[in-house]
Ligand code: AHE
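The chain below stands alone and is given in structure tokens; this is the form predicted alone.
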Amino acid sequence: MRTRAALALEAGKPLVVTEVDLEGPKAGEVLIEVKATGICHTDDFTLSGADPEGLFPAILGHEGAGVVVDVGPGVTSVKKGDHVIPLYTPECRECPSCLSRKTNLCTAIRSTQGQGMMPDGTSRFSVNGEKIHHYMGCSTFSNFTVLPEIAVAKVNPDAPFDKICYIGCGVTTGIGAVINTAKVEIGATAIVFGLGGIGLNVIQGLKLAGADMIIGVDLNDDKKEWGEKFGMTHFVNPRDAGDDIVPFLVNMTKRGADQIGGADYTFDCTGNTKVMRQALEASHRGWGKSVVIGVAGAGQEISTRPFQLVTGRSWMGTAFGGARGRTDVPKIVDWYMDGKIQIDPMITHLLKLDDINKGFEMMHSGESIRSVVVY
């Protein structure tokens, strides 16, 4: 079949909207009509050429929602007409990682997914007979896409596609980092570095978990109002904090008899390795946990003095917020439908596929929190 898609031909170049060929689903695969897809910083990271795993030509996009239109042999968990969210972190429930219950990082299709292929080592996309790579196992910048059955989550059919597509990455990553990875408890203090889409979702995750003091850190003063919408209690612009923001934040978090200071939990949502260090060192001596969510560029490394770790701080990482896709994503959709979390305010722009490059421009300028392409 033919489908319209935004094609990434090479790094650093705008996407090209065109028609491509899409082969139907094989055994264990699902054909989805994508109804809406978010434009995420990870897509931009790959398109920029900074992604060491980036492959071209490819159809990017991994934050989508749509409807199953066909299934291959052996598919049992979804059927035609089901509403689904594609999962760049699948959940096979059978591999050693899934069975361990210690991680959400399913390994069932990791090797082929990283090569831009379906599990059988081939691509379903092509142009004039030339292979086009899949992206993060999703490729939602195409009106139709094919995914493995284990990489789709069946969700509430009443949920709006143009909102729940954001649960395919940003919402789940931010909220999950709080609930699944850090396991924040009621009354905790927390600092969130970077108040873009991920950071705002970390904030609402902290509010959901019952955190008491939620400090947002961002270079853009306009983010203060945004953070407060989602539960932030204090805002800091690093430019106003003097030469070193760490002691400034540590002093802010001194409360009552505890005069050591430092947050119980800190979260880096910037991808900046200097900020990652600041986040760790702004966490509390003895028990502070610092969660790295932002993705740094190829070859970059993080560092700190060993003293920071020896004295009880923990450096943690998270992918997809520690969520098990087929199990947890439907629950988060239900949280949205029940009014427990907000998504609508963060969808600042709705675009047509032909305008997808404008979405990336607005991301770069800071004009948008999340742009969504509606097919």
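One-based numbering along the sequence shown. Only a predicted model underlies this, so the values are computations on that prediction, with no experimental measurement involved.
Unshown form predicted together with the named molecule; subsequent notes refer to it.
For the interface check, one of 180 to 188, 226 to 234, 292 to 300, 254 to 262 should have non-hydrogen atoms within 4.5 Å of the named molecule in the predicted complex; which one? The contacting stretch here is 292 to 300.
Counting only non-hydrogen atoms and a 4.5 Å threshold, tell me whether Lys26, Ala58 and Lys131 all contact the named molecule in the predicted complex. No residue of the spot touches the named molecule in the predicted complex.
In the predicted complex, which of the listed residues (Ile347, Met316, Ala319, Val69) lies with a heavy atom within 4.5 Å of the named molecule? Contact residue from the list: Ala319.
Find the only residue in Ile332, Ile343, Cys40, Ala36 having a heavy atom within 4.5 Å of the named molecule in the predicted complex. The residue in contact is Cys40.
Looking at the partner-bound form in the predicted complex, is Val78 within 4.5 Å of the named molecule by any heavy atom? Judged by the heavy-atom cut-off of 4.5 Å, Val78 is well away from the named molecule in the predicted complex.
Would Arg93 count as a contact of the named molecule in the predicted complex, using a 4.5 angstroms cut-off between non-hydrogen atoms? Heavy-atom contact with the named molecule at 4.5 Å: absent for Arg93.
Indicate whether Tyr88 is a 4.5 Å heavy atom neighbour of the named molecule in the predicted complex. Because a heavy atom of Tyr88 falls inside 4.5 Å of the named molecule in the predicted complex, the answer is yes.
I'd like to know whether Phe45 contacts the named molecule in the predicted complex, with contact meaning heavy atoms within 4.5 angstroms. Heavy-atom contact with the named molecule at 4.5 Å: present for Phe45.
Going by the named molecule in the predicted complex, which residues of 268 to 287 come within 4.5 Å of it through any heavy atom? Counting only heavy atoms within 4.5 Å of the named molecule in the predicted complex, no residue of 268 to 287 makes contact.
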